[in-house]
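This document opens with one chain alone, in structure tokens, the form predicted alone.
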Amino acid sequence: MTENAVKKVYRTTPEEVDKVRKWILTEDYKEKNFAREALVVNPAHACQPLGAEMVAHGFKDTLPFVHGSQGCASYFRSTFNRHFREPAPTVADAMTEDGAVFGGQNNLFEGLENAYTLYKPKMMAVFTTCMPEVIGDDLTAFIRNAKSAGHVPEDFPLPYANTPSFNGTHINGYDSMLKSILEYLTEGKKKDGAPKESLNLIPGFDGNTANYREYKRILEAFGIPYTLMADISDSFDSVCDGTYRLYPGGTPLEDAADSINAKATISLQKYSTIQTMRMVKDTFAGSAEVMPMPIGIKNTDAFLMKLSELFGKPIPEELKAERGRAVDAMTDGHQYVHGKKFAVYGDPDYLLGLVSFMLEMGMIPWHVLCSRSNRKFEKEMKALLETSEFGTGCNVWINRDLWHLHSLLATDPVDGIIGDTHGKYLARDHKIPLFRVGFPIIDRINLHRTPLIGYNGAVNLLSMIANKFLDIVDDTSDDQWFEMMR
């Protein structure tokens, strides 16, 4: 081989690396960054099947069943494992190249029969990944054929949802799977006469198990009978007593089946339950309400007053006392967060709740980023910002990713970031704190065990944010200003 035929490898010089590092912090780079259309870098969302699996874990004795590749199933399971530090028992029919050519019906048949025999669930929730969606697998026909061929009993519950990973996000998959399960379980269960005196509460896609427990505590304080769907509080925060439980929690299937007869259904996440609530309004006996997540004082007040209105019950004194303590805590702590600018990113419903709380505290949500949303959300968020002087001049960015946020932080900086673990690199690069809220949080422990909703949640949010800023003051102060009290 001649010398000219050898491809030489050139090492990038430190000077060139430094030059590029400085360039990506400029307005010139920001303009190029925001001009890209075909590339997404670090989006702040997951894919549809992950959301569908979250729903399946929220129903008692239910086994999530992935119609697709084993690698996809492993991704969903590992994401839940790392966030909750808990098992996420899930099966897959492990489609490979043969399935991509001939279809996945045989995989589904064998997978359903094995899972039914080995794990003895009372229901399996089936959802798809990219491969069966691309080749056009017909789940309706496949599941009908599986039952007629005897792979599972005819009367065994097998709700299913089409959840292509290449379209939508985890909240769309959550919505599709929840709608399918409720349709399946409630079919033919509607009773004549007045609805029964109970509430269906749908928290939506929420990776905070303590929020579910807080919802239940509030409803029990009111004395309102309820069905919480889909309840992951025990599924992903179970006891450690030496006994492994395959199905440690979840909404009982019989309660979900009877939910069609409840007096009212409230969804606390508009954007993750669009299809579900449309179905509820059309088929359920009672009223259907969609409200913002009760994060902060205003949203929690609205939630409690709606409960009082629907069921004719006074707001419990213990919740009134919690409100008073929360207002007191917010009054004590507002000086440490008032006027500080933040970048906040995440799911649309979480963002609406967080921004409402931030405006109450005099915090400035300067950059609000939702990496997959629509103009309706943008309009709703802008309307919320306009309700407060602290929303003046704030920016709403839809269908943008965390690399877009990098350019925003470089050219229009803020004091802190609120979002999931994926923002830690931005926080390090721009030397500002990250307040971990949302899903997934995989680099800290037990944050999902601290409620963020309700009056107690408002205190928890404020304490986390204010105390971090106080830590920074102490860590960076000269000895002359290192005070005992802040």
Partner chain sequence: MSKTIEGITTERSEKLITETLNEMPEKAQKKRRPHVGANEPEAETCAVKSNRKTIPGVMSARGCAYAGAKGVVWGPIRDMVHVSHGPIGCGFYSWGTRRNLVQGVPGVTSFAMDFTSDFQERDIVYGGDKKLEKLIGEADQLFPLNHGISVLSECPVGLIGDDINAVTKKMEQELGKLVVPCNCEGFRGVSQSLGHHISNDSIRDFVIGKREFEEPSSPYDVALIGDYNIGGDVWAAKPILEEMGLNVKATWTGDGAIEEIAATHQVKLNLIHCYRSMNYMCKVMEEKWGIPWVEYNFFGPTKIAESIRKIAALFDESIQEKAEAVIAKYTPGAQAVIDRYRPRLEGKTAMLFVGGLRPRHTVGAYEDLGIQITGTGYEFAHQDDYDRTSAEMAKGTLIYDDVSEFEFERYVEELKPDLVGSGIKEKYVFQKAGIPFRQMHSWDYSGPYHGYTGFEIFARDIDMAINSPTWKLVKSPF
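Positions refer to the first chain, counted from 1. The structure displayed is predicted, hence computed values, not measured ones.
This protein has a second form, the form predicted together with its partner chain, left out of what is shown; the following refers to that one.
Chemist: How about Leu470 - does it come within 4.5 Å of its partner chain in the predicted complex, if we only consider non-hydrogen atoms?
Modeler: Answer no; every heavy atom of Leu470 is more than 4.5 Å from its partner chain in the predicted complex.
Chemist: Do Gly393 and its partner chain come within 4.5 Å of each other in the predicted complex, heavy atoms counted?
Modeler: Close contact is absent here: in the predicted complex, Gly393 is far from its partner chain, nothing within 4.5 Å, heavy atoms only.
Chemist: Indicate whether its partner chain has at least one heavy atom within 4.5 Å of a heavy atom of Asp93 in the predicted complex.
Modeler: So Asp93 counts as contacting its partner chain.
Chemist: Report whether the minimum heavy atom distance between Ser238 and its partner chain in the predicted complex is within 4.5 Å.
Modeler: It does: once its partner chain is placed as it appears in the predicted complex, Ser238 has a heavy atom within 4.5 Å of it.
Chemist: Looking in the predicted complex, is its partner chain within 4.5 angstroms of a heavy atom from every one of Pro121, Pro252 and Leu447?
Modeler: Zero of three within 4.5 Å in the predicted complex.
Chemist: Of Asp328, Asp98, Glu317, Glu389, which residue is found within 4.5 angstroms of its partner chain in the predicted complex when only non-hydrogen atoms are counted?
Modeler: Only one listed residue qualifies here, and that residue is Asp98.
Chemist: What is the one choice in Ala383, Met305, Ala149, Val134 with a heavy atom within 4.5 Å of its partner chain in the predicted complex?
Modeler: Flagged contact: Val134.
Chemist: Please pick out the stretch from 287-295, 123-131, 267-275, 223-231 that is in contact with its partner chain in the predicted complex, where contact means heavy atoms within 4.5 Å.
Modeler: Of the options given, it is 123-131.
Chemist: Could you run down 105-128 and flag each residue that has a heavy atom within 4.5 Å of its partner chain in the predicted complex?
Modeler: Residues within 4.5 Å: Asn107, Glu110, Gly111, Glu113, Asn114, Ala115, Thr117, Leu118, Tyr119.
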